[in-house]
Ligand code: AMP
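As structure tokens, one chain now follows by itself in the form predicted on its own.
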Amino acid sequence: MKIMLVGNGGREHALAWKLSQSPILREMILAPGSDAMAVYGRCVAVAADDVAGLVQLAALEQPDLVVIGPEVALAAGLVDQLAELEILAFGPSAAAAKLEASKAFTKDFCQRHNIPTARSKTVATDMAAHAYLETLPGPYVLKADGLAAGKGVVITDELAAAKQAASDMLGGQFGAASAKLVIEEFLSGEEASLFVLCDGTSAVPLVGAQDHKRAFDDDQGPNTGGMGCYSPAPVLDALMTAKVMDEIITPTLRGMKQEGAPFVGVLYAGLMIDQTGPKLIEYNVRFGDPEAQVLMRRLQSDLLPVLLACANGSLADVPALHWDERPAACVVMATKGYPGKVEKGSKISGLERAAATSNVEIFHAGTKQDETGQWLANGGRVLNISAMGDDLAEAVNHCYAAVDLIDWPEGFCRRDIGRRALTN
């Protein structure tokens, strides 16, 4: 098969790494790909959010399947435009992608279909935001309605700070993404993520994972796109996974189909789980980043035919997926200053030595090479250090052993990835 993979981050590096192992893969086109991903296929300089350029490239190359990593192109209708060319794609239509592209849509959808989630209100003015915040106990949770690269969430204990955050967000902090806000009650419990492959009708759950969103140790600092993760998530055992499927995923698939927007692709449910059961925090409509990195490490089945089955509606015919029973962990190394403004171009050394560490695979999220072959930081989140182990502690130790071999003074990482599972 000839496939086209859209994206250039750590998630896409992990997907390319896994897809490259498929015996049915003939050729991989990476749009735009990266210097680190070039070993898996042919990189073409079309940006992951350039829908017109991606459609033109697909029309020229005629891939058997387009696999779309980032959410922006999905929300902008890339799948719809490929369908007009009769090119199969793994990912939802623009209408189905609203589950991520609009938190207000998802909240209303959950209410229509009796899906458990936090009580909330969508607001578009300072006055409405401040009035609703005054009805809630702290902590206060404010979310930009639209896509904000995983950074459009503010959680604060102080009412005054929440009101200021609402004014900042509605005033353009996240551009058009925060023209509306969803303000919701704070949910306590244990957070986890379940990823489910869907073909519009059928659904196959993947193994669970747990992310670390805050920038610094002990869950301090601002929310980020993710500073590390691990799989499996102990809270998502077989019974809880079945409960999530019954109470959240199945009603979602049924509801989206009823509303004329059947969901195809990977549905990523961010969950809060307590003694009453699971509640939906939010949906994403693509693989998580860095969760994809640990899922791809643990998946033993061939990924490519499964993604193809999602795209062509035959997921029910796919054999059960096989997983490595060993845990996997991932530590994100980011440029100092992230998730704020960062300086690009700092030198990174020691990657070959780190990659030779036991059970380690390094996925590049934001790097490039100069003309001498020197690796340079080229973004906020830069490296994903992933590792397997006989238990989670060993997997995490492998990650940090590799991190310690990387010479990058301008970088930082959290030092407590997996702490919740390791201390329970």
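One-based numbering along the sequence shown. Since we're looking at a predicted model, the values are computed, not measured.
FYI, the form predicted in complex with the named molecule isn't displayed, but the following is about it.
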- Taking K2, A58 and L82 together, does each of them reach the named molecule in the model of the complex with some heavy atom inside 4.5 Å? no
- Note on the structure: Only one of 340-348, 187-195, 161-169, 306-314 sits within 4.5 Å of the named molecule in the model of the complex by heavy atom distance, namely 187-195
- Task: Determine whether any heavy atom of L253 comes within 4.5 Å of a heavy atom of the named molecule in the model of the complex, and answer yes or no.
- Result: no
- Closest heavy atom of D302 to the named molecule in the model of the complex, within 4.5 Å or not? no
- Message: Is it the case that D219, even though its partner is missing from this view, gets within 4.5 Å of the named molecule in the model of the complex, heavy atoms only?
- Response: no
- Does the named molecule get within 4.5 angstroms of any non-hydrogen atom of A118 in the model of the complex? yes
- Query: Which residue among K336, K98, K213, K243 has a heavy atom within 4.5 angstroms of the named molecule in the model of the complex?
  - Reply: K213
- Of the options V72, M272, L136, V204, which one has a non-hydrogen atom that comes within 4.5 Å of the named molecule in the model of the complex? M272
- Item | Residues of stretch 266-289 in contact with the named molecule in the model of the complex (4.5 Å, non-hydrogen atom) | M272, I281, E282
